[in-house]
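Have a look below at one chain only, the form predicted on its own, in structure tokens format.
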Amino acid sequence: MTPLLSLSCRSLLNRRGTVGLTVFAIAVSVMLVLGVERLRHDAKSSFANTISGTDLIVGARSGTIQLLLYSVFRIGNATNNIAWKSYRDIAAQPEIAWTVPLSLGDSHHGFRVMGTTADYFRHYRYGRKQPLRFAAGVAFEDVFDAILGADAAKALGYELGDAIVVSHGLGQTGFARHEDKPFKVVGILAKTGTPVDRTVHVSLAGIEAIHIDWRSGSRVPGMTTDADTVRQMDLQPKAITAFLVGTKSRFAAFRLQRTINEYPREPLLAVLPGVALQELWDLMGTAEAALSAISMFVVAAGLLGMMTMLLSGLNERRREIAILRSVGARPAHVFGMLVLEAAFISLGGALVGLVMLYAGLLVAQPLIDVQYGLFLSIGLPTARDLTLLGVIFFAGVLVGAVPGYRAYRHSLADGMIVRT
């Protein structure tokens, strides 16, 4: 076996230029496969960890995914609001430990503005029940205080004490600006990798205050109430968009969910966040499968390139093979040599691809974290990664068997014929 290994290594070194390109092609394929797998795994983990420690999300009756999108991911709008009286009635249920009301509908330079209470910063959890932390400042106390998510603060360049003007409606500019009642930045949250980072948080009273001169979504002509006057008014909201619920026990969550879904005063929907997240992820299963299929096709192309290289080199190596046969090498030895060459190329491509993957992760991790809020883990290869590498390696060995079989069939006389 040792002479066969030596012959294979020397043959590869003699053709190092072509072999190097083939190894690189396979390495790129391996990097792509493992990169897609790492991205899929970390995206799913980040997706599932967007909200934790919350037992129910309650909103107007619509769809489970729609409720999850606007209440947690700040995407889209609610079909209807929840009356404040209904919210207070449900919040008084004995099974409930805490509630956090949410009010959406405004924006600031493309970032969603969410009205809530100070309980949001005490009870909201993400990841493995990690609490929200302040990178600077404190929770709001005044009606016109605002707390920015990490991405919003960085993108807009805001610091503590800066004034911001909220726009009515969504988009980069909104429909109308509440310039007469600006907010002051009093806090900036630490990075979470969730939609919290792209949210401008204000109080429920603040949401009511900026709309005190508005009726049915538009400003009342001639009606102007300054900020100081508004502070003295009753700013209890008439309605909210949704609210988060924490129950005293997991079993209570199921009973409470049914009670809310059958609430007689208005049509409401209560969903379990984990179930809703899984439903939403399942909708993206097609895209996930497509990414995996594309990466596997790239690997197949790399392996086919290796087989093509070995096959195209057979005609040039006929004399080499004939000489080996003439000095005692058997057809099985020739077959084994070519299979070993394919194994070395596949192994080299897999190892180089693994190195390229980690180098790419080191460069891309901070960029993807900042731009998309997705944290890519850099750890040891997982069992699935090693399985994929093993499959690619054995596929390379099998591909190498094709030129090996052709060489096996070459006869000594055929190899000594000079072809013109």
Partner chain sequence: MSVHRCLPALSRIAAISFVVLAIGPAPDAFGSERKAHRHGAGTLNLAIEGRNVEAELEAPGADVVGFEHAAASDAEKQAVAKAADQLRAGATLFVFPEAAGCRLIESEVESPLLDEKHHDHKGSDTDAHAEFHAHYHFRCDRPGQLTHLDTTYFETFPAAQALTVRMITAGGQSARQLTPKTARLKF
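Numbering follows the first chain given and starts at 1. Keep in mind the model is a prediction, meaning the values are calculated, not measured.
Unshown form predicted together with its partner chain; subsequent notes refer to it.
Novice: Would you check whether its partner chain, in the predicted bound form, lies within 4.5 angstroms of a non-hydrogen atom from each of Lys154, Lys181 and Val200?
Specialist: No, the candidate spot makes no contact with its partner chain.
Novice: Tell me, out of Ser86, Gln93, Asn80, Gln257, which residue has a non-hydrogen atom within 4.5 angstroms of its partner chain in the predicted bound form.
Specialist: Selected option: Gln257.
Novice: Taking its partner chain in the predicted bound form as the reference, which of Met296, Ile164, Ala139, Leu272 has a non-hydrogen atom within 4.5 Å?
Specialist: Among Met296, Ile164, Ala139, Leu272, a heavy atom within 4.5 Å of its partner chain in the predicted bound form occurs only for Leu272.
Novice: Sort through 276-284, 97-105, 117-125, 236-244 and report the only stretch with a non-hydrogen atom within 4.5 Å of its partner chain in the predicted bound form.
Specialist: After filtering at 4.5 Å, what remains is 276-284.
Novice: With the cut-off set at 4.5 Å between non-hydrogen atoms, does Phe134 touch its partner chain in the predicted bound form?
Specialist: Residue-level check for Phe134: no, no contact with its partner chain.
Novice: With a 4.5 Å heavy atom cut-off, would you call Ser249 a contact of its partner chain in the predicted bound form?
Specialist: Contact check for Ser249: yes, within 4.5 Å of its partner chain in the predicted bound form.
Novice: Might Arg231 be said to contact its partner chain in the predicted bound form, defining contact as any heavy atom within 4.5 Å?
Specialist: Because no heavy atom of Arg231 falls inside 4.5 Å of its partner chain in the predicted bound form, the answer is no.
Novice: Does its partner chain come within 4.5 Å of any heavy atom of Ala253 in the predicted bound form?
Specialist: It does: once its partner chain is placed as it appears in the predicted bound form, Ala253 has a heavy atom within 4.5 Å of it.
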